[in-house]
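First comes one chain, alone, set out as structure tokens in the form predicted alone.
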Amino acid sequence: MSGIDTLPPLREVIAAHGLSAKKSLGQNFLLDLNLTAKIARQAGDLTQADVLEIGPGPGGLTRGLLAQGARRVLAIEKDARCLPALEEISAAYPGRLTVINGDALDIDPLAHLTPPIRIVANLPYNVGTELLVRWLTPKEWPPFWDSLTLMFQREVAERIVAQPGSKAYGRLAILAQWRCEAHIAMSLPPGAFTPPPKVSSAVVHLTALPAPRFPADPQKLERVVARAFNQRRKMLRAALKGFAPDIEDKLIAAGIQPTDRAETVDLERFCALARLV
């Protein structure tokens, strides 16, 4: 019996079902159930919320979420090998866990969830950033979720919370911080995982703001930021050349010097520029 529920320890579950992490699926399993429960706690009080989990694997974080009182968990798992282990968890928590076998990039979770909704996941490394960008760029804001509590490679986590002037500051920081409060909630060494990845990991917690921090058209802001950081070593008058015939005037009007580089420009001024172009 494990420390958080009556189910077997994860090492026994993995052995019983012949599970091994697949590199092709970006899998790294967290086997310490005390650690998965700690990650679940970073999402706050779950007793009145439905939770979306992507890539549960053998179900360590799933068990943490259910043990923390999540009203309902929807777990989307691409690897069919993991389904029997997840079904055992479902049986131990009757009516509180729904498992869908499929690709999270192709599945609309809203048919299975009731607001308020929180997303908590040890994201597969190979799709983590793509999923985050999707959740940060819906057609309408506020989004369907209240908060995101997500595990990433440490490098990606630092890009999400980065401030102007740092090497990590870029498109991801602006997308996240324009519409969310974001902070790194906890860090994990490679040895916490099986197999150990080559890099450290971190859990980022993002809370959706009711409205963006500064007014801007999302598509224009995304285009300006993408162009600016695509050539981040160039001065902005060169990086954004062709974006508008009078780009230098627009940069100055937004409070940006034409000789500035993208990594020195804060979110408010990028939004001002997006309103002008």
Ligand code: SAM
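This is a predicted model, so every value here is computed, not measured. A residue's number is simply how far along the shown sequence it sits, counting from 1.
What follows is about the form predicted in complex with S-adenosylmethionine (SAM), which we do not show.
- Shown alone here, Ile54 lies within 4.5 Å of S-adenosylmethionine (SAM) in the predicted bound form, counting heavy atoms only.
- Heavy atoms of Leu25 reach within 4.5 Å of S-adenosylmethionine (SAM) in the predicted bound form, making it an interface residue.
- At least one heavy atom of Gly102 is located within 4.5 Å of S-adenosylmethionine (SAM) in the predicted bound form.
- At a distance threshold of 4.5 angstroms between non-hydrogen atoms, Ala168 is out of contact with S-adenosylmethionine (SAM) in the predicted bound form.
- Just one of Val161, Val127, Ile117, Val156 comes within 4.5 Å of S-adenosylmethionine (SAM) in the predicted bound form, counting any heavy atom, and that one is Val127.
- With the partner removed from view, the residue among Ala37, Leu30, Ala216, Met235 that has a non-hydrogen atom within 4.5 Å of S-adenosylmethionine (SAM) in the predicted bound form turns out to be Leu30.
- Segments offered: 204-212, 247-255, 56-64, 43-51. Contacting S-adenosylmethionine (SAM) in the predicted bound form at heavy atom distances within 4.5 Å is 56-64.
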